[in-house]
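Have a look below at one chain only, the form predicted alone, in structure tokens format.
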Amino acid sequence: MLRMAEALRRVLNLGSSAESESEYTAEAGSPLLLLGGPGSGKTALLFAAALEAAGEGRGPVLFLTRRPLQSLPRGRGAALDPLRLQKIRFQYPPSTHELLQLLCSAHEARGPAPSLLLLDGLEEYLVEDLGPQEAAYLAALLLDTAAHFSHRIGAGQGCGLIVALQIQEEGDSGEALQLSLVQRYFPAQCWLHVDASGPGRRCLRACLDPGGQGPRAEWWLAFRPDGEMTVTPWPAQAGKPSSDKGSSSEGQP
């Protein structure tokens, strides 16, 4: 069973002593909103979640983004297994209209239903002068599409949904209203904050709030010069991790 808050926990806990699955109580398919500024690793985490889901032996992963990735994030071992990569289906709706059409037509698509639906760069669609009603409709349609896939998959499985949204430190009132509307549909949220930058690397802080359906958690993320991402659980009293400490996963977008 793929729990969205748990999916991010598994990605961020790779190589560490992860808690048992029973400790995470978020329901299957609970939507998750991934929030962060430009270059904060949102695409890297989405791709890591896609690889994690693709390795579960279930259905394919549907990855929606406005433009193709310039390069695949880096990883090690089984993370970039070609069989996993083959299960990730990329689609590139170039406009909000095309995205809405794709989501609506998903109800008519044949073949195995996706076990995970990912959308990278929601802000690129919201920027097309969408009013509050249109933004709410898009968020609701994303949830409805994931629910439809879950129905096709069957009870006890479900299709997860993770949406990445770029936020600005000083957004206007319209952007703030859109963010507030979107957050209503995504009770579970993961915030990415730029913490520090060292020689040849960037450090981020990931804060996961599963919306009251489980414990909150935080991690350090460090991007190495070669693009590889290292992850270390955040101890409340500890300092920053060294560049070679923690688990390795996928790299920056």
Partner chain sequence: MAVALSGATLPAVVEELLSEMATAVQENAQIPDEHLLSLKFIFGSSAVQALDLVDRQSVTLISSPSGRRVYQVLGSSGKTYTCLASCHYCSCPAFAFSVLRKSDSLLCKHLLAIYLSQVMGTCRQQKVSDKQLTDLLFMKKKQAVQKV
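These numbers come from a predicted model, not from an experiment. Positions refer to the first chain, counted from 1.
The discussion below concerns the form predicted together with the partner chain, not included here.
Taken together, the three residues L100, D144 and R184 all lie with some non-hydrogen atom within 4.5 angstroms of the partner chain in the predicted complex. Contact with the partner chain in the predicted complex, judged as any non-hydrogen atom within 4.5 angstroms, is confined among 158-166, 85-93, 103-111, 119-127 to 103-111. Residue contact with the partner chain in the predicted complex: P132 places a heavy atom within 4.5 Å of it. Taking non-hydrogen atoms only, A140 approaches the partner chain to within 4.5 angstroms in the predicted complex. For A136, a non-hydrogen atom is located within 4.5 Å of the partner chain in the predicted complex, even though that partner is not displayed.
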